[in-house]
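Starting off, we have a lone chain in the form predicted on its own, written out as structure tokens.
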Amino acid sequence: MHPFLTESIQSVRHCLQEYLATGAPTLLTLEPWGPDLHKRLSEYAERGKMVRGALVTFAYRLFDPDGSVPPACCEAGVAMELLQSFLLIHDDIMDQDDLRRGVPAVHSQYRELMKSHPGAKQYGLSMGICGGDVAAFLAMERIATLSVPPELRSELSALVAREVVSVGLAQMQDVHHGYVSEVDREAILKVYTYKTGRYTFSLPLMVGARIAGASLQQASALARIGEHLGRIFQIRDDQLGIFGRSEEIGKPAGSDIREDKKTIFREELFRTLPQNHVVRSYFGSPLAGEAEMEIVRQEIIRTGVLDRINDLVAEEEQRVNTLVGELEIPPEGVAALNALALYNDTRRT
């Protein structure tokens, strides 16, 4: 991992901890749920890898490798992490995942509070939705109070709002995919771009670039790079969900198969297997266990699906390399972006 990223991760983690200790409590005052949610959000957010938040400072340093990083980068990084918490809390509800980052998801925690009540499940879902909403507006409050000139603050507030709208619409498409039998590759990659790529990479990169004084054209170029990085990120995330271990990925391994998530791996595998192949029946089956998961893994390798998806990733990486080469940034910035692309493709958690 490049020093720009490791140092930025350390910085945003510190800023998030400081905000959760001093800033968030001034907003989460309404008893009893303000303090309750503050505790749960703090534990939830601080378990994250902080990459999204770190990419704000990372992007700033692409344009000013040796300069001092302004407070606005940390403030915006905190907002990115709060947005991540909001999206994941809601995502766990929609995917019916009870684990996140190795511990009970927020809605599961609230369900446990009311476990003796017949409506405990709905209680947990409702409270989780509310908690995610609060995290979203904490993030927007951070953006709306950034230590930057008013006109830039307004621009960044609008930018973040637009990107979150896109995430929401892509999430709706992802939900829709769960209720139809087949989804083509183009539709899957579109979800990857707007549900993952834009808010994971494009958004923080654009925010950091604009704080650094980069032009709108330069920020847009970074956004395009972010889309390709995001597709790679989601493809590797799907791969980890199939081939990784539960303790590594923080949720049950194989859950995407049991839930019949319309991933690029499923699409490629189903295009390859005969209609009567037994592996098809494992997708969407809550009874599919480790033995069935291992058969799926073997088929993905045997049929060449993994090789073809690696080729797809290589194409995305080539597009990243081309776009990085067109950026007008110092050599240190080029090296940092190349290192980010490598980390993104080879991560194991």
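Start at 1 with the first residue shown and count on from there. What you are looking at is a predicted structure, and each value in this text was computed from that prediction instead of being measured.
FYI, the form predicted in complex with another copy of the chain isn't displayed, but the following is about it.
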Item to check | Stretch in contact in the model of the complex with another copy of the chain, which is absent here, among 261 to 269, 236 to 244, 223 to 231, 168 to 176 (heavy atoms within 4.5 Å) | outcome: 168 to 176
Next on the checklist: Let me test this: is every residue among G213, Q218 and L342 within 4.5 Å of another copy of the chain in the model of the complex, going by heavy atom positions?
Outcome noted: no
Checklist entry - P150, G102, P274, P71: which sits within 4.5 Å of another copy of the chain in the model of the complex by any heavy atom? => result P150
Item to check | Selected contact from V51, V296, V320, L37, since only one has a non-hydrogen atom within 4.5 angstroms of another copy of the chain in the model of the complex | outcome: L37
Next on the checklist: Is Q109 part of the interface with another copy of the chain in the model of the complex - any heavy atom within 4.5 Å?
Outcome noted: no
Checklist entry - With a 4.5 Å heavy atom cut-off, would you call V134 a contact of another copy of the chain in the model of the complex? => result yes
Checklist entry - Would E141 sit within 4.5 Å of another copy of the chain in the model of the complex, counting heavy atoms only? => result yes
Next on the checklist: How about A209 - does it come within 4.5 Å of another copy of the chain in the model of the complex, if we only consider non-hydrogen atoms?
Outcome noted: no
Item to check | Sequence-ordered residues of 104 to 125 touching another copy of the chain in the model of the complex, heavy atom within 4.5 Å | outcome: Y110, M114, H117, G119, Q122, Y123, L125
